[in-house]
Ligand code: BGC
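Next up is one chain by itself, shown in structure tokens, the form predicted alone.
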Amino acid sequence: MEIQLTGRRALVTGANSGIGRAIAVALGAAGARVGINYLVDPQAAQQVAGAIGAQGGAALPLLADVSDAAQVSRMFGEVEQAWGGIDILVNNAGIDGERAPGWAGTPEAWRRVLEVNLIGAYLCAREALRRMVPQRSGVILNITSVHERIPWSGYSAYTASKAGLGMLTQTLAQEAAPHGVRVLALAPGAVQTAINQAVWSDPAQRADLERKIPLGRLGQPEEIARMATVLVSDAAAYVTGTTVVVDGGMALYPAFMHGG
């Protein structure tokens, strides 16, 4: 089955690198016009736009801090001005913060993770829903994490933000469903991107990580992007209010593969 998004207007936050970049390119390849949100490295955003353009698609780089309501409102206004509205929002922008036990980190650092990962997703979803509900169509896909479910010592802000995003997804889905709008989440596991290069480039750390994955390998950004493309398409028209986990089995408690 070929996924077609021709004519759809999409916005992907944090789309200038990693998983966000792969999703933006995949949506463009499926025919969508894609807004490429970024906060740093405008050259990288232009490169993503160029990659989509090389496939014959249309892309629009958009500078905005998703944790700032005014900047988010302006960004959605730019999308509306360019394309007349929005059909797909992928809330991908996120940070993991500095590793620290809950009693050692600063409230400011903890709060910043939630401002980007959870409040930022809410602000973008709010703007999208204000447009999707009246048109009675649209899809919001929130990128959470296996750490929506799995604790991760040293990263309490990250895990709290992703768990919160999972419940935000369900609540918004319940609210939006009567208006023809779907809201769902995709939870990646360990994916090989620049953000975790220190781990996968070190043989010992990589081997330790891969032991936590029943399929025995890290995922690739393109694998997450392919699933994201399916979920925002009509192929998933009856899917809403749930989290689809794409993790190679990491959430299956792999230590129990060899007995209790």
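Since the structure is predicted, the reported quantities are computational estimates derived from the model, not experimental observations. When you see a residue number, it is the position in the sequence shown, counting from 1.
Unshown form predicted in complex with ligand BGC; subsequent notes refer to it.
| in the predicted bound form, segment of 163-171, 107-115, 144-152, 69-77 with a heavy atom within 4.5 Å of ligand BGC | Flagged stretch: 144-152.
| request: Could you work out which of 230, 195, 29, 215 is the residue within 4.5 angstroms of ligand BGC in the predicted bound form, going by heavy atoms? | output: Going through each option in turn, the one that passes is 195.
| query | Which of 123, 86, 190, 93 has a heavy atom within 4.5 Å of ligand BGC in the predicted bound form? | reply | Selected option: 190.
| Contact of residue 246 with ligand BGC in the predicted bound form (heavy atom, 4.5 Å) | Result no; residue 246 lies far from ligand BGC in the predicted bound form.
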